[in-house]
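Shown below, as structure tokens, is a lone chain in the form predicted alone; questions about how it binds or moves come after it.
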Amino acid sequence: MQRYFSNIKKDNFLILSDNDLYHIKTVMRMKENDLIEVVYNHLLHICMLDNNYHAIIKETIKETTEKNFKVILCVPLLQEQKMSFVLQKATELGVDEIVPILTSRSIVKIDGKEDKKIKRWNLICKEASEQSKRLEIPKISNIKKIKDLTFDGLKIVCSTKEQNTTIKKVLKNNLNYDTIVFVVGPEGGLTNEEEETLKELSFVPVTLGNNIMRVETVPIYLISVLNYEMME
């Protein structure tokens, strides 16, 4: 059953966006009385379409698929195709917030286009959340600088200089945090100054091993390892 998200409830039906209605009518070719899933207020509703494509609530289901810890992923600005890939896969793997960051070695510049980009990134995360049957859409924050990455919780930065401390060691010794923050550097890695700034902000540098990964691969690796270690 196709899943959608709604922010508006009116009487006994949920209001869908124009894009969702287009998808329902033109792409999925749904008809009157067809059933869809609609997430509203963090709850899953089974809805039936009427002849005007209103989503009438038939049943509310309490799902408990969301995890009990929060994951924040800080990633450098990437070329559009790579950024889309990271957003989609990170969403499927359960990330809660994605923070685009400016770094010294970032090659992508979006001056004057931030609002447009964030709108597109939100749409990618929404569609990935629907596909992966989530009850939440990850939040996309405004673009931040390294010095502005002030978060609470367990904070980890992927380092090209650290040789001994692995992500596995750090996670095994810190499984009681309710928020975990990852920082991924750009191609070429973070500069010495950026790593020092993050250390001052209490980020723990970790090595990902001997293999050199592409920037867009690292978030998938990190969240997969985290999900495994946190699995009950």
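Computed from a predicted structure; not experimentally measured. In this text, residue numbers run from 1 along the sequence as written.
Heads up, the form predicted in complex with another copy of the chain isn't pictured, but that's what we're talking about next.
Visitor: Quick check on residue 8: any heavy atom within 4.5 Å of another copy of the chain in the predicted complex?
Guide: No.
Visitor: Does at least one non-hydrogen atom of residue 89 fall within 4.5 angstroms of another copy of the chain in the predicted complex?
Guide: Looking in the predicted complex, residue contacts with another copy of the chain include residue 89, since a heavy atom lies within 4.5 Å.
Visitor: At the 4.5 Å heavy atom threshold, is residue 21 in contact with another copy of the chain in the predicted complex?
Guide: Although another copy of the chain is absent here, residue 21 would stay clear of it in the predicted complex, with no heavy atoms inside 4.5 Å.
Visitor: Is it the case that residue 1, even though its partner is missing from this view, gets within 4.5 Å of another copy of the chain in the predicted complex, heavy atoms only?
Guide: Although another copy of the chain is absent here, residue 1 would stay clear of it in the predicted complex, with no heavy atoms inside 4.5 Å.
Visitor: From the candidate stretches 103-111, 72-80, 147-155, 125-133, select the single one in contact with another copy of the chain in the predicted complex, where contact means a heavy atom within 4.5 Å.
Guide: Heavy-atom contact with the partner occurs in 125-133.
Visitor: If you check 42, 169, 31, 199 against another copy of the chain in the predicted complex, which one has a heavy atom within 4.5 Å?
Guide: That would be 169.
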